[in-house]
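One chain comes next, on its own, written as structure tokens: the form predicted alone.
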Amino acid sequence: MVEFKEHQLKNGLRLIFNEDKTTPIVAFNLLYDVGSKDEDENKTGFAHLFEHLMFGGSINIPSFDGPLQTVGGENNAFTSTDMTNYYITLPKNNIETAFWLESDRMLSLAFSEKSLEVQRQVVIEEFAQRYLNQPYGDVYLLLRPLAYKKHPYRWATIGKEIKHIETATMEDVKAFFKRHYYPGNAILSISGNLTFEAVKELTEKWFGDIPSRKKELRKLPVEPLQKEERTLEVERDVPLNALYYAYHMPSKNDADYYAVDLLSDVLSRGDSSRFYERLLKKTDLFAEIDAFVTGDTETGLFIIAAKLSAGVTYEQAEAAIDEQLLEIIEKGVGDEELQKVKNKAESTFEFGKTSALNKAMGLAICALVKEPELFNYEFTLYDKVSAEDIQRVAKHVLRRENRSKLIYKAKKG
């Protein structure tokens, strides 16, 4: 059980604190409720661009990394479809440095043309290297808009196309910051050997005077029910043919989310999974095969990703995969098989509570999704899943008309 206390500032900033006396390191996690789903479809990639811009310095502190390195701290960040998360770890005696740095860039981020150009080029280079010039790098640039037609999950976090970042103006950047970077749209989560009163006092001191603003009501388009299978075929300069299935699945706040997640584990988590035992060990059809969920807060995707062995046809690969899916739909899973994946899930959850950073980050993310207490009881939602639940969600999710299929062919020669 991870114990925590909460406090909310008058400007809307939410504080979550976990006292951890076992470590001299404090984790300082600041999560903003903004992800790529909050972007304009003609100006995508901005949430991720901002992750980079936030390290470009504030008006009062030109270098974010410099002061942090001086006091023995480290920092990083990530952007997803649903959030942008910044985190710092540093010795407990220097915790105020984290408050100083994060509060100043929330209040006074430096909007310089130089910083924008530097970070623009960094993001463009990342787009090119990771998504366009890397084998299989553009898979989710293709698969997401195939699966989604209305919802903003249809573009990847990096954005729909490089052009949107290339043409981003200073006015665009300032407007995005004003709309999403303010106390009422943030969750501050801290774990370390401090007292709640001391942390609350520091939070009020450094963030309390930052002006508040009314949180906008998020109005995202609802994705229409998919009624027929969609297929896209592309050819790329890659070593092996690949095949991707994407099925719409329940949101993170739906009880069936946990059954679908465990279904993916039954298929491909570990050496005793069905895909490993039946398709990798006993056949020569696949070089790789995996099943996983995207983990999005709203209705996400259940993905099956496979690389075909040389000489294997798509018909052979699809027949083999579909056979495994059909078996679960028709016969379900055994109690022992289900318990095995639950045990693995429980180990992951328990391991996630061993470090201050994991706790700070986990509490913040759970607070965004539902409530911070979810961090303590989320495994029980997995543990409640029955074999009947697995079969039921398999019948509902793994329908052919709910599937988007990407045939990713290797260029011949």
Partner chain sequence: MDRSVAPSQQEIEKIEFAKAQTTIFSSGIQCHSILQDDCKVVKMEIEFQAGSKFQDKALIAAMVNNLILEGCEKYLAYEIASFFDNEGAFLDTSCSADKASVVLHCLERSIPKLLPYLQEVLSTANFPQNEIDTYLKINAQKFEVNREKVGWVARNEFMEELLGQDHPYSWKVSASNYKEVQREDLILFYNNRYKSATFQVYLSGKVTTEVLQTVENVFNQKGIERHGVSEVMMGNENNVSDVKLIEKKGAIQSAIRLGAVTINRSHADFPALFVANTILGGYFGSRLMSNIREDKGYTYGIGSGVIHLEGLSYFIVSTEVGAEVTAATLKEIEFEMNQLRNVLVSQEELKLVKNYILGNIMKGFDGSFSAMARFQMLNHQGLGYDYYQNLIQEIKTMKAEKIQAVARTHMNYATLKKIVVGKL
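Given the structure is predicted, the values throughout are model-derived calculations rather than measurements. Positions refer to the first chain, counted from 1.
There is another form of the same protein, the form predicted together with its partner chain; it is not shown, and what comes next is about it.
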property: Of Asp271, Glu171, Glu330, Glu229, the one that lies within 4.5 Å of its partner chain in the model of the complex (heavy atoms); result: Asp271
property: Proximity to its partner chain in the model of the complex, single hit among Glu74, Glu315, Glu201, Glu113 (heavy atom within 4.5 Å); result: Glu74
property: Location of its partner chain contact in the model of the complex, chosen stretch of 66 to 74, 37 to 45, 381 to 389, 361 to 369 [non-hydrogen atom, 4.5 Å]; result: 66 to 74
property: Leu146, Lys160 and Val293 all contacting its partner chain in the model of the complex, non-hydrogen atom within 4.5 Å; result: no
property: Contact test in the model of the complex: Leu374 vs its partner chain, heavy atoms, 4.5 Å; result: no
property: Its partner chain contact at Phe286 in the model of the complex, heavy atom, 4.5 Å; result: yes
property: Phe196: touches its partner chain in the model of the complex, heavy atom cutoff 4.5 angstroms; result: no
property: Close approach of Asp104 to its partner chain in the model of the complex, 4.5 Å, heavy atom; result: yes
property: Residues in 348 to 379 with any heavy atom within 4.5 Å of its partner chain in the model of the complex; result: Thr348, Glu350, Phe351, Thr354, Ser355, Ala356, Leu357
